[in-house]
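Quick heads-up: it's one chain on its own, the form predicted on its own, in structure tokens.
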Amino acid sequence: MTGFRTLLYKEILRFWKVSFQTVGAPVLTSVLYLMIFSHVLDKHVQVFDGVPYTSFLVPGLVMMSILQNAFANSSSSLIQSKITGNLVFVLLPPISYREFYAAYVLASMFRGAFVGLGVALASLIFVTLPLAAPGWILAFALVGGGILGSLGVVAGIWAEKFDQLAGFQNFLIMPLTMLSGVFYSIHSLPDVWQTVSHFNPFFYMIDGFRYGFFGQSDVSPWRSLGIVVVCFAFVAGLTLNLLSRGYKLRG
């Protein structure tokens, strides 16, 4: 397990050394979202009974930060290593593809968790958040971070240049995240868009995570957790398959 621990340490150190950019900047962006949307909508929108809109918004922003930064960590690390040519130094040591996968995904989960915690702490300046079911918060944060960390590995393997990776993020990850109910309840949407939202796995991550704070959600948290776990199993299986074949990694 020495190779796994070393690779995990290297990946955590990679983002922590520039934490002002990788942690501080996303926290600031989410706080700006919170300030703008709460100022404009707080007195005009109420989604759950007894829950101010600003409070409703915070868990969505926290989870969005976890997901986006988990994806960014593994995808950016792999594409940088491929372009600079130093990926060979990771592939040459006797590290199994399972250890490779675990190190990259766990490091991504760490980064997502750090950013999410930073957003949650910064939001306490504006709101007081209840903790109705902390276990659900932890479960969805971990599984959601694992899914996006795995997707980041897939994107990093597939992409051969930065614009391809940007396309993956801008045309897949960003729309799925922004249309997942971060800023609204899907019950406020027309029927057709409510139906479409139920095919978005990011919706279940956000909704289940929010349930952990308020004990209220658009769908059952058990249903959300089941769907999210199935998605994680599928993405993890796909990623491990690509790694085992050395797809676009080994000549």
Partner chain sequence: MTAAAIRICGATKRYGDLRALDGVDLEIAEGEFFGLLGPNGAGKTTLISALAGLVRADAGTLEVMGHDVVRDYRKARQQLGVVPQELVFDPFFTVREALRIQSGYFGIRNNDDWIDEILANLDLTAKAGANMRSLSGGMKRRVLVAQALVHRPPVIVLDEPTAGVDVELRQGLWQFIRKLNGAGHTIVLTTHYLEEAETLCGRIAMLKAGRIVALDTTANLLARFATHSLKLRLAQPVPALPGSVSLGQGWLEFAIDRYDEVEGRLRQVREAGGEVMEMKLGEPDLEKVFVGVMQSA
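Note that the structure is predicted; figures quoted are calculated from it, not measured. Residue numbers count along the first chain shown, from 1.
Omitted here: the form predicted together with its partner chain. The next part is about that form.
Residue-level contacts in the model of the complex: of Leu106, Leu142, Leu129, Ile95, one residue has a heavy atom within 4.5 Å of its partner chain, and it is Ile95.
Only one segment in the set 151-159, 107-115, 172-180, 83-91 has any non-hydrogen atom within 4.5 angstroms of its partner chain in the model of the complex, and it is 83-91.
Remark: Val18 counts among the residues lining its partner chain in the model of the complex, judged by a heavy atom distance of 4.5 Å or less. Shown alone here, Leu238 lies farther than 4.5 Å from its partner chain in the model of the complex, counting heavy atoms only.
Using a 4.5 Å cutoff between non-hydrogen atoms, Leu13 counts as a contact of its partner chain in the model of the complex.
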